[in-house]
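First, one chain by itself in structure tokens, the form predicted on its own.
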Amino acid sequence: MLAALENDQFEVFYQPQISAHTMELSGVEALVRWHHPTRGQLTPGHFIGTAETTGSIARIDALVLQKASKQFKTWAQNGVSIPHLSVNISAQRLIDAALLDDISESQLEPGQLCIELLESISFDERDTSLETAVRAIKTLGVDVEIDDFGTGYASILSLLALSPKRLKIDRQLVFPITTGQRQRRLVASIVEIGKALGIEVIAEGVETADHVRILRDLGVNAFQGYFFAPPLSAAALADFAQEKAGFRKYREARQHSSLLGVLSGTRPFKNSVSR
């Protein structure tokens, strides 16, 4: 793993987040992959545990933040609009003295960067160090998300204390909602908690049209999952974003054309609406 860090074998992929209201791109999550010299491309489940026990996780987190921030600025320079970038951090990284400096060096505008607190972080209300670290991150104009809500350590008390911008419902809770009423009611309760506290809710693990329909009815703010796209390379994500933007412009142009037709009397109002 140390050799992988030295030889730049870690690459960042990006999974789109889609607005439940507009179905447009609302952000991306940065996800690390290890191009292992003999085992091929490895997802975090294959190496994060080892990284934590060997003390390498903070270095990997720092590398992902650096690469993802640089890529975010490259997209912007190339005319690719991404509303915000979410980057995961571990417990080790959260207490890393260099974290705030690295965030400042990313040079992203307020609201463009979001730090995701992983489920491996203890949200014990008796421990004020987490709250202090989160408060310091927020002073830099960085939003905070709680990842894997419903399966990790986060509680309603921790939501009150940390006041995150968003929380993400774990895919293990999302997946069965198409067949189980109990699971659906549970997800609905989490959404209501988010609404009550003014916290946006993202559903992970969205894999079918039924997931989209049910979650939208339940009131989630955004979707993330393979129904829309898997984690993508930087180039593929740029293509995805451009395609989404192009479809939006096409839709707006058609709506504008229909409206002009109505106003000029060349197109009946009923037909313009049906289109």
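Owing to the predicted nature of the structure, the values given are computational and were not obtained by experimental measurement. The numbering used is simple: start at 1 and walk along the sequence shown.
Absent from the display: the form predicted in complex with a small molecule. The rest refers to it.
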Item to check | Listed range touching the small molecule, judged in the model of the complex by heavy atoms within 4.5 Å, from 36-44, 66-74, 212-220, 233-241 | outcome: 36-44
Checklist entry - Is there any non-hydrogen atom of Asp143 lying within 4.5 Å of the small molecule in the model of the complex? => result no
Next on the checklist: I'd like to know whether Gly150 contacts the small molecule in the model of the complex, with contact meaning heavy atoms within 4.5 angstroms.
Outcome noted: no
Next on the checklist: Within 4.5 Å, heavy atoms only: does Glu116 come near the small molecule in the model of the complex?
Outcome noted: yes
Next on the checklist: Although the partner isn't part of this model, could you tell me whether Ile177 comes within 4.5 Å of the small molecule in the model of the complex, counting any heavy atom of the residue?
Outcome noted: no
Checklist entry - in the model of the complex, which of the listed residues (Ile89, Leu85, Val187, Ile202) lies with a heavy atom within 4.5 Å of the small molecule? => result Ile89
